[in-house]
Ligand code: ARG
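Next up is one chain by itself, shown in structure tokens, the form predicted on its own.
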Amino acid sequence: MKKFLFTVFISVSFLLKSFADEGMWLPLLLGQQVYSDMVKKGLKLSKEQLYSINKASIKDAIVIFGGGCTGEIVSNQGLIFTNHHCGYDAIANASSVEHNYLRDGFYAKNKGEEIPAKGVSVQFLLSIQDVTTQILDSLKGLSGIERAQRQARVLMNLNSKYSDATQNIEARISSLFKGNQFLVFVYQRYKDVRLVGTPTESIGKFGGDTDNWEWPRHTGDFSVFRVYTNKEGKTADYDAENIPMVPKWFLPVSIKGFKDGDYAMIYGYPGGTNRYETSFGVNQKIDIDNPTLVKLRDMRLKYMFEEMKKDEAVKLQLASSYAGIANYWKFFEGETKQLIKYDVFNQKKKVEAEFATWANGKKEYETIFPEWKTAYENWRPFSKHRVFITEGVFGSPLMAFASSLQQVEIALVQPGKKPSDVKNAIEAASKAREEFLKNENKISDQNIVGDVTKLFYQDVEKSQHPIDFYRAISSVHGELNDEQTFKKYAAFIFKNTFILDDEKWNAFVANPDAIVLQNDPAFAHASAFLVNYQNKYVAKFQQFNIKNNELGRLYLKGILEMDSVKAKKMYPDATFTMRVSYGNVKSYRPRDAVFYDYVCTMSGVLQKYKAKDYEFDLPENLLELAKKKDFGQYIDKQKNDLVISFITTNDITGGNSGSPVLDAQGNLIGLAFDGNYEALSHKIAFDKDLNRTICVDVRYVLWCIDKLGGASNLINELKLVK
């Protein structure tokens, strides 16, 4: 095993302040103070068991699953537990109308039945090294765009230096504390991953959008995979002759149960927080960014759901895309409400006023907030436009694909064009079109295009519209204050675009012509918005982004100086790097006269059950066993029921989905999968009283695998702690 090499550029004692159970800690930099606090809360493990430089430890059982989730190794044969929503794409891709694993569930009774999860990989952390001095030395005297460009080049070169493509070893430098520290994380990617088990969607998504981000919660959000290696135990592409991986460490699984107040620890890969966001950024989110995003996603979801309800094949086709859009639609709606409710804007203003007082007379810091105010004022008039581009105009799958044809246009019109350039662009476009058509639902997409075109006209400043775009629509399709005009316009696009017509597409491929492409209604629509945005507003956003990042780096540098004497425990923002958080299983009171228990049980599942309902239906075998209370060894003796889920005070965020929830001895007791609605401002402001992590109980996971799925072979693989 490779050693983890690091130096501490910034003392962990001087980083982001932590209160209560707040904090996503780098396990290699816990420090004695944090470790002592973990022990005080109930931890029974040594530092070396949590994280070891030279020996296998818990960190070796934690993987990046896919592109944005966490998973954990739970057997000596490479078995992985993660969330159902993390495995959703793989489950949907493996499914067909005839073998619909989303609808019906699936459990492999032997390894020969396991299904290759195409495109899915897992990554194990190999090493970590501090490269702060090397990077900051190369950036001395630079600021603004020059600094940003130099930093990008330096990071790219260092990532290349620490990577080894022949061994599937990948290095990614993480910028911590807004560019005041840099660590290079080195991972090994394993590409042969197979689907082993999944509950029915009615279990894995029980409660649907209604219960999303809510407590009480009764969702069986889990799926099971396995990672394979070649016969030498090395990473390899899929091969029928590959063997299950023998891991360095795997997690024992506890079915002993727990009580309110027990220690809980979560390892994983939290994606991103911004706990040092400014009052300007909070105001921007509340006023423009979040409401616009929610409005556009709400519209897209409405049209997709209408078609999914009508046809099982369409439901399967759109399932993955719908789930991804829906998840953070509700999050950003809740985030806005909580930011307002807890007056986070004025909390930030207070902190900033203290900083400004301290910074007075300090040349490096005294102009930070006046400059920041100007930067936001300059960008604010165009910010809604950008959300409309990313979440609206190119939220349409057809328009997202049509915009990619810009590369074909460039190849066709560039001076001195080479036949090979055109050929390569056309081939790439044809391949991308095949994938696009697999997931394209014309009816819902046509409605999306019509509605977002109308909303852009109504909501975005008229001076920012593509020149003559709406005038052209009105001259052909009708008045711009009439909803039918936009429906007619969208229908015209979908009826006439060659993108959706194989015969016309093949004719274009056989004889590529820039005029034909530019006159295509779908390409013309996408191009009008894209070119308008690229020519007028991309530079403004880049200028704002560079200034925002530069001021953020200086602000945090100043905070570190200002707080260096009085600060106690501090941690870096989440950056999709391995972190550990600790707290307790804990009930809470979200508002006056309301008490939420720390667990949900099968009794609550049966109370929510609605036959044939899209969100609250249940499989017959679950109903039968639940009514008999046939829970076997997985029953909770305190509740005399099967515990479905529980809540903890742990600090997590997106990316932690699928993370293992561990007890004081390091045994798996559940999988983290959500946060609670009352604390959805957690990316910006952690609430020490209301923050809760929602976790599926591992006993429910095992009951589903064993009692519902009949896959005792998987239970036999585990090291059960009873």
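Just count from 1 along the sequence shown to find any residue number. Given the structure is predicted, the values throughout are model-derived calculations rather than measurements.
Unshown form predicted in complex with the ligand; subsequent notes refer to it.
Asker: Just one of 212 to 220, 309 to 317, 606 to 614, 190 to 198 has heavy atoms within 4.5 Å of the ligand in the model of the complex; which?
Answerer: Going through the listed ranges, the match is 212 to 220.
Asker: Between Pro252, Pro466, Pro291, Gly208, only one gets a heavy atom within 4.5 angstroms of the ligand in the model of the complex; which residue is that?
Answerer: The option sitting close enough to the partner is Gly208.
Asker: Scan Asn327, Thr229, Gln534, Asn159 and let me know which has any heavy atom within 4.5 Å of the ligand in the model of the complex.
Answerer: Selected residue: Asn327.
Asker: Although the ligand is absent from this view, report whether His85 comes within 4.5 Å of it in the model of the complex, heavy atoms only.
Answerer: Yes, His85 sits close enough to the ligand in the model of the complex that at least one of its heavy atoms falls within 4.5 Å.
Asker: Could you confirm whether Phe65 comes within 4.5 Å of the ligand in the model of the complex, counting heavy atoms only?
Answerer: Although the ligand is absent here, Phe65 would stay clear of it in the model of the complex, with no heavy atoms inside 4.5 Å.
Asker: Contact with the ligand in the model of the complex for Asp697, defined as at least one heavy atom pair within 4.5 Å: yes or no?
Answerer: Answer no; every heavy atom of Asp697 is more than 4.5 Å from the ligand in the model of the complex.
Asker: Quick check on Ser657: any heavy atom within 4.5 Å of the ligand in the model of the complex?
Answerer: Contact check for Ser657: yes, within 4.5 Å of the ligand in the model of the complex.
Asker: Counting only heavy atoms, which residues in 666 to 691 are within 4.5 Å of the ligand in the model of the complex?
Answerer: Contacts from 666 to 691: Phe673, Asp674.
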